[in-house]
Each structure stands twice: as C-alpha cells, then as structure tokens.
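This document starts with one chain, in the form predicted alone, laid out as structure tokens.
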C-alpha cells in the first residue's frame, strides 16, 4: 500500500514538473515551485527526487515511456502508420510537447543536465526509426536512401513539425504534414 502511494506521489510530482517547466522553462523552474504545486515542502520533494537534475531526467524518461513503450531502440521499432498515430496523439497534448521541445532546445548547451539524456535518446530513436524503415522498405527506400540516412530526416521532421505546430497551431496541421512526409518516403505510386 505504501509503495503504491509512493508511486502515485512520484507520478503527481512528474506531472507538476511538466507543468512548471512548460510555464517557466527548465532554468526558471524551481524545486520549490514544483513542491508547492503538489503540496510538499522542498525537503519533502527531495525525498522522491534528490536533485533537480534527477527530477528532470525522470520527467524525460516518463515521457518516452508514454510515447514509445520504453525508448525506440531496434527491439521497439514502430510501424510507420503507428508513427502517424503518435503524431496525432501529440497534437492532443500541447503541454507535454511544449515541455519536451523547450528542454530539447535548452539541452544543446554544453552544461545542461539533459544533454546526455537527449544525446542517448536520439541515438536510440534514430536506430529505431532505421529499423522501422528497413522493415518497411528493405535496405533501400524508394528514393534511394538507406534506412539510416532516411531515419535522420524522419526524426528531424517529427521534431520540426512539433516546433512549427507549437508556434502556429492554426496554420500547421501536424498530423497532415507528417502524412505528407510519409507519402514522400514511399515515393510515387507504382501504376502497374
């Protein structure tokens, strides 16, 4: 019972952290603000997450579990039509997309605590996308690219669409644009 309550509390803290980071960015988010949002003291929050960095990594790992069931490595390769479903799902949760995008942008600085997480994550995601593309098309896509080269573009489109959609959701149909990109990957329809 106590373990279940502890897990519930951790989940509550992670949700609150997402909200605070979405509002203030990682550098502007404080442990005190998160603690206040969940009705804890800062010391009480530290019982669950010993540092702000540990909390950040837990939020990012949790977000990945929601999206990929664990991380996007080759063993968890997606089918392309399921990637389209993920884009549609993301369009329904702008706070999480905004938080992820803000943290990703901030993590490009050398000293950011999430830099290692994102570096590892992108290595895994590119490998997973290459496996997905290889399963769908073999060693060469219709346009002539290898799955590894196309995976880099696929990930760039996914993340780039999120940024454009966050900035102008009325003008950018994120799921529609991703569907258009998948059409480009498939190449022209074979008339035979």
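Numbering follows the first chain given and starts at 1. Source: prediction; values computed, not measured. Heads up, when I say rigid core I mean the largest set of C-alphas that superpose within 1.5 Å between the two forms.
Another form, the form predicted together with a further copy of the same chain, is not on view; read the next lines as being about it.
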**Asked** Residues in which of 129-137, 54-62, 39-47, 161-169 have heavy atoms within 4.5 Å of a further copy of the same chain in the predicted complex?
**Response** 161-169
**Prompt:** Should residue 108 be classed as touching a further copy of the same chain in the predicted complex when contacts are defined as heavy atoms within 4.5 Å?
**Reply:** yes
**Asked** Would residue 104 show up as a contact with a further copy of the same chain in the predicted complex if we use heavy atoms at 4.5 Å?
**Response** yes
**Item:** Contact label in the predicted complex: residue 115 to a further copy of the same chain, heavy atom within 4.5 Å
**Value:** yes
**Message:** Does any part of residue 122 reach within 4.5 Å of a further copy of the same chain in the predicted complex? Heavy atoms only, please.
**Reply:** yes
**Contact check for 11, 30 and 86 against a further copy of the same chain in the predicted complex, heavy atom at 4.5 Å** = no
**Prompt:** What residues in 138-157 sit within 4.5 Å of a further copy of the same chain in the predicted complex, counting heavy atoms only?
**Reply:** 143, 145, 149, 152, 153, 155, 156, 157
**Asked** With the core lined up, does the C-alpha of residue 159 move 2 Å or more between the shown form and the other one?
**Response** no
**Asked** Under a superposition restricted to the rigid core, does residue 148 display a Cα displacement of 2 angstroms or more between the shown form and the other one?
**Response** no
**Request:** Note yes or no: does the Cα of residue 123 move by 2 Å or more between the shown form and the other one after the core is superposed?
**Result:** no
